[in-house]
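Next up: just one chain, as structure tokens, the form predicted alone.
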Amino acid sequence: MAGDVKVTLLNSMILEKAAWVKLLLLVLVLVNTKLAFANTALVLRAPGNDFSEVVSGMSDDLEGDISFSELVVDAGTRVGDVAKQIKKHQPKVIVLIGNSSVNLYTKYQQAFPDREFPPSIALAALFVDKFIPFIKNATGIRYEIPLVTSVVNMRLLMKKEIKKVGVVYRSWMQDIFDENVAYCRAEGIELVGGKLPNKDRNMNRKIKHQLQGLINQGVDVIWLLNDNQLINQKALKKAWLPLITRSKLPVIVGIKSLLATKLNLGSFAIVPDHYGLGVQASSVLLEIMENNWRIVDQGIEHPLSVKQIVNVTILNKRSIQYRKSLLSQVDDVIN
């Protein structure tokens, strides 16, 4: 009988201990869940592998510190979809990847002007400097690489000396042009521009006129800015391709798609490394988190990790001489 009582008491103690262990585990799960929920970042990103790489760079670098929830923004995504995701996740920070995401989040803020918005960071979007002032509580990382970076690397590869670069730009890009003029001057490079109005019925004719003027000035390279109003199918056919093909000048572009051999346009580019862009963004996010989810320094950063791409097929087609021995140092060679 006494033995039965001891066994009963022992079993009771074991069950009680197990119950406490279960309770402790439950508390730990709830705490961890609460912490993860408290440190959630909502990512609004455009579709595509490049933008997915940005997210991978952030999530890999911040694993255990910040959890990421994604909303892929396409043509069918609406302000209401953003509102639902924000209500669901209660994010401490918003990450905007791609221009479509930046535009949609701007509309979301405009739809709810009286709300307080968490800090946000915009990246992998063209000309974030122009958008940031219209987004409350935001900072960003530029997507564009300063021209001087491309020229310095390009002139190492080219056999012909590069002293003068020409660019056609619209009026709203004046500050971007001026900034790059200063950067280039520091490296002994002259940047000359052909300025266009922001809007014009005969834009393609004006592009052609300004481009021909740059060629007549003896530029060694043409730089194409990422401007959809200047670089579109009609403009390429009517203005850019006829003159560039005839001039046989190398062309620096800002996105890899303009280096396509079939397009026969760009021959050289230095573009952001998208995974590296995500890692760079993680440093900004960590600083925001450590400052109690506040943006302390709103300065726009330049991309730190870049890739050099060369299309040697186009260089050969235009009889542009280059040092083949240095191609091994190029990240991506398009043959």
Partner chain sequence: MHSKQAIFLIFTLTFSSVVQAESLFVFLPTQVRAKVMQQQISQICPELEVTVFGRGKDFRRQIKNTPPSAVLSLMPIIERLGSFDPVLKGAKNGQTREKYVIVSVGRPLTMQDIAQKKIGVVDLLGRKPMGEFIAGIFPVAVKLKRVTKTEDLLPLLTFGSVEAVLVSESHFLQLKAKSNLNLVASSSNLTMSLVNLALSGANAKEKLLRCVSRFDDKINSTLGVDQWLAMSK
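Numbering follows the first chain given and starts at 1. All figures in this text were calculated on a predicted structure; none of them were measured in a lab.
Unshown form predicted together with its partner chain; subsequent notes refer to it.
Find the only residue in Q210, S247, T149, T106 having a heavy atom within 4.5 Å of its partner chain in the model of the complex.
Comparing distances to its partner chain in the model of the complex, the residue within 4.5 Å is T149.
Can you tell me if E187 lies within 4.5 angstroms of its partner chain in the model of the complex, counting non-hydrogen atoms only?
Yes, E187 is a contact residue.
Answer with yes or no whether S69 is in contact with its partner chain in the model of the complex, where contact means some heavy atom within 4.5 Å.
Close contact is absent here: in the model of the complex, S69 is far from its partner chain, nothing within 4.5 Å, heavy atoms only.
In the model of the complex, does N153 come within 4.5 Å of its partner chain, counting heavy atoms only?
N153: contacts its partner chain in the model of the complex.
Hey, in the model of the complex, does S52 get a heavy atom within 4.5 angstroms of its partner chain?
Close contact is absent here: in the model of the complex, S52 is far from its partner chain, nothing within 4.5 Å, heavy atoms only.
Candidate spot V82, I231 and L258, all three in 4.5 Å heavy atom range of its partner chain in the model of the complex?
Judged in the model of the complex, none of V82, I231 and L258 sits within 4.5 Å of its partner chain.
Enumerate the residues of 44 to 70 that have a non-hydrogen atom within 4.5 Å of its partner chain in the model of the complex, in sequence order, or give none.
Residues within 4.5 Å: E53, D60, D61, L62, E63, D65.
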